[in-house]
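Next comes just one chain, in structure tokens: the form predicted on its own.
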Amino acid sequence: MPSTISNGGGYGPLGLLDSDTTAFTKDVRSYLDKNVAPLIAEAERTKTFPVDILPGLIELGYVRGGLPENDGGYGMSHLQSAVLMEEAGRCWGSLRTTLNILSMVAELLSKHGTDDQKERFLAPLLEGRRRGWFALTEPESGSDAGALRTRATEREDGSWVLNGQKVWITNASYGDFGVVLATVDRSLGHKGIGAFLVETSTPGLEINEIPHMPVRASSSCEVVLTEVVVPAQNLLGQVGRGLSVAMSAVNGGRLNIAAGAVGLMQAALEAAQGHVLAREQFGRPLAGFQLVQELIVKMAVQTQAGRLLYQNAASTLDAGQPGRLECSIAKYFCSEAAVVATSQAIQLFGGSGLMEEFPVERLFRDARESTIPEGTSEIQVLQIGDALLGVSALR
């Protein structure tokens, strides 16, 4: 079988991964191929995520891997955690999406949670006994997070009452708590936002599944809050610092999506290679046609380029640098490249590529999703432009 990339493994450039990380990544791929891949077809058909696989994945290093050891993590590097997300993306887009949100919630609790909050939410999350969701987006507030309308009103006893609506909230249908962003004073814009830990069982909280095109087995929900009472001890961070709390996990979220998008490209490349070598037209394999080879080469180059970008961003974070520019560049390039690469895979499959029985149909849908969450491609462009030029096009 020909190599999928130059080093023969699909595990990333040898110059950025040490031998231990490469060996660990191979073990993770083997685990996912054995324990998760067989579940994909049924989960996609029923549009349900098999949540019972989460404890094993968390034990393997997902969600908890990048957290410090004193919070129950493994103290893994950003690069090691990102490589895990590439493997999740290669296996299944719905898996990467679900793990990304769980990882962001865990990171927020680790960075900003009190000891009590870590005991009640983070520790059981890392044991696979609790599942979290993250609610920022609203019908009229997505990229402009500072304009959200969900309101938090403080009561005399220090508790809070939340009213509002959130949309496209991953994990909400099977999560038992969420991080909800709400404004305590709209006149202050982003400086008036708080972050609140909300139990899904709280009276007044309603969760409705929203049918969606990509990552079909993942949960995407409307969350309606009507007079939802949140105790004072469930305020995450400080009043007015909620958006800062949320943004503290944005680099990790963008890096995870970038790495997962590379995994999607890797899966599409492997599927396309196998197909063009096996399929014959005009008396010879498709692989022997020049235009077919051109598409395969373009997919391979984009995959390798994306891998270098996300691993560079992860290495920047590991070096103690902010890495915001590098993560935005990686998220922008990798998500857009994944849409192109998976589309090229469909082209190579021909009519078969449009059928659900072949993997590239799912890979294309899931790749399209990666251009939206954690900042759309357009938002990435504007943030990269601001970093390069020192002039914001947003405000």
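Small disclaimer: the values here were computed from a predicted structure and weren't measured. Residue positions are given as counts along the sequence shown, with the first one as 1.
A second form of this protein, the form predicted together with a small molecule, is not displayed here; the remarks below concern that form.
Interface residue remark: residue 168 is counted as part of the site for the small molecule in the predicted complex, having a heavy atom within 4.5 Å. By the criterion of a heavy atom within 4.5 Å, residue 152 is excluded from the residues contacting the small molecule in the predicted complex.
Using a 4.5 Å cutoff between non-hydrogen atoms, residue 134 counts as a contact of the small molecule in the predicted complex. Residue contact with the small molecule in the predicted complex: residue 378 places a heavy atom within 4.5 Å of it. The stretch that touches the small molecule in the predicted complex, counting heavy atoms within 4.5 Å, is 140 to 148, out of 80 to 88, 140 to 148, 292 to 300, 258 to 266. The contact with the small molecule in the predicted complex, taken as any heavy atom within 4.5 Å, belongs to 101 out of 272, 180, 313, 101.
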